[in-house]
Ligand code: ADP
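Have a look below at one chain only, the form predicted alone, in structure tokens format.
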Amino acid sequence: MATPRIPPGINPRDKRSGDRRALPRPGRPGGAVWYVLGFLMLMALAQTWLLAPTGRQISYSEFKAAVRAGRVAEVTISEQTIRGTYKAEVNGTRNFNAARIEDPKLLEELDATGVRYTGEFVSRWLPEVIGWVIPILLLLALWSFFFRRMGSAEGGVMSFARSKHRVFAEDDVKVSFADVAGVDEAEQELKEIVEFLKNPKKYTALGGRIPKGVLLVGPPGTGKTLLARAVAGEAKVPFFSLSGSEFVEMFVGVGAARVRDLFSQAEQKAPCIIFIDELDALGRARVQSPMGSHEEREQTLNQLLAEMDGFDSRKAIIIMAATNRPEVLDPALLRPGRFDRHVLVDKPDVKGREEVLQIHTRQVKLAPEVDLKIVAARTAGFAGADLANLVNEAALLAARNDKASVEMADFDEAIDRLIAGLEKKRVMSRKEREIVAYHESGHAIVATLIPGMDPVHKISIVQRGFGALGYTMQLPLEDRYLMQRRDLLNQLAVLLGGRTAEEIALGEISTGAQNDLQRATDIARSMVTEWGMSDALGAINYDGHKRSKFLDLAFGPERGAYAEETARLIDAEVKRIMTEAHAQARGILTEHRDDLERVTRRLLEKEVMEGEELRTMLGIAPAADPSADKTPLPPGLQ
């Protein structure tokens, strides 16, 4: 039996129902229009060829001269041409034709010379018909083309009410829990969802009800979307994926229609998973503002709430969503019966970072001396996406230097690029280099001599990033979740150490401490207004901002509801804290004035100094092993 030929571009194994591509069908109405146009063009060409005049073409003056000379036997006169016959051959032919010119005396001259003449009416109906039929047929063809496009399932104008989701069949999702690391708690929560999708009767037989919705919350880049795909890959069910912003359009009612279409298709493919990324674009809390509300977005949200209430939980349709701004979501979305299970996908700890690095380095050629445990310890605060970018940057740096494998130095350089920015090759004056060297030496010495501070890893006076003339990098020995007042005061002293070193060594200050002052002032003000660390103001929160849980965003009133006298007291306390931190840094650097000079001269000579060399110059014991496992938190603080 012959195998049917499949037109190019059609994949017979494409199981994605969202891609409604159809085989071309012959005999569409638009094809008949082109057949009619071709037939009319052939008719016009045939008429033109058949009615074309024969004989030699002459001018009208030559024709009049032949008439007066008596050489013309007969003529046939039409509206536009004159065809005639000579009495004898002229230039090898007896026939001629000429273009007619309006001449009232022509017939008199023909009568005078005895020329026989007749009139002729030529009917050229076909060109006239084509003159108005062709534009109409073209308009019909264009209308037919655009009508098919508007009604197509491939994003036409008339299909705006269709959901723009992407459907991945159970064989298309290649991600599993083996590809996820650093989020063990979230993974354990989602394994129950996988078990329900594989064996729903295990839960329904006992009268249990699986959560309808699972909301993944966490900072950007922690792998929320990857976790959702892993659930679909483990359960071997279809995966509907779309973003919250794809529902909302400029036309009112379109988003609600797309929600209905999405759930209608999901019910046909149950069991399945619906994943809505960036849910905050759709599910923002409904508020009545003086400027009016976004009616389209609210209608879409109302339809989503109605669909989540209406579909049958026994059909094993799991709705998963991800957001990094859960505080702005509508409370109706978060109540039991909708998104009633919230799973935190947080940044990984040092052990989780090592596992993530192991996953991302599977396809990377690593040198034998590369220790991912040390890399994980040096990347505190990195999310999964940051670690993936780190591995890629290290591989690119190794390839740029024509290395056979990725070495530890490539990872160190990649960490510097991600934290401090791209290295710049600009030339600074000797005076500016000296200022930067004193500044960074001040940061490094204060950070090293204050007990309990994170050890200095590297000092550099090489320009990096946006306006960074140098940097002092501290790497924590362990992940920290709490900061005490003494820790914050020590951190303020480190931030002000650079500016203080300029004062002591040069007797002048520069603009290089702008970022240090801004960060230090923010910490001091937070100590007073947010964390209740001021004895003068007490344990009261005076900050009027509500802050995002996972993003560095503040919203709400610019300041809290307190009196002007309280505001003056807050400013006084902030100034007092900053002054004490400055005095602490000044005392340390004054006591170690010689060390400041030695470190500065060494920096001017090398430009980059490692932390171990700094501690040797200061006579400090080596820092603890950065790869050491951290002590677990007490049960009450986990």
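Keep in mind that what you see is a predicted model, and the values were worked out from it rather than measured. All residue numbers are counted from 1 along the displayed sequence.
The form predicted in complex with this ligand is left out here; the points below concern that form.
Trainee: Any idea which of 485-493, 257-265, 215-223, 235-243 reaches within 4.5 Å of this ligand in the predicted bound form, heavy atoms considered?
Mentor: Going by heavy atoms within 4.5 Å, the stretch is 215-223.
Trainee: Contact with this ligand in the predicted bound form for Ala181, defined as at least one heavy atom pair within 4.5 Å: yes or no?
Mentor: Because a heavy atom of Ala181 falls inside 4.5 Å of this ligand in the predicted bound form, the answer is yes.
Trainee: Going by a heavy atom distance of 4.5 Å, is Ala385 a contact of this ligand in the predicted bound form?
Mentor: Yes, contact at 4.5 Å.
Trainee: According to a 4.5 angstroms non-hydrogen atom cut-off, is Val356 in contact with this ligand in the predicted bound form?
Mentor: Result yes; Val356 sits at the interface with this ligand in the predicted bound form.
Trainee: Taking heavy atoms only, is Arg297 within 4.5 angstroms of this ligand in the predicted bound form?
Mentor: Because no heavy atom of Arg297 falls inside 4.5 Å of this ligand in the predicted bound form, the answer is no.
Trainee: Report the residue, out of His360, Arg325, Arg338, Lys458, that has at least one non-hydrogen atom within 4.5 angstroms of this ligand in the predicted bound form.
Mentor: Looking at the other structure, the residue within range turns out to be His360.
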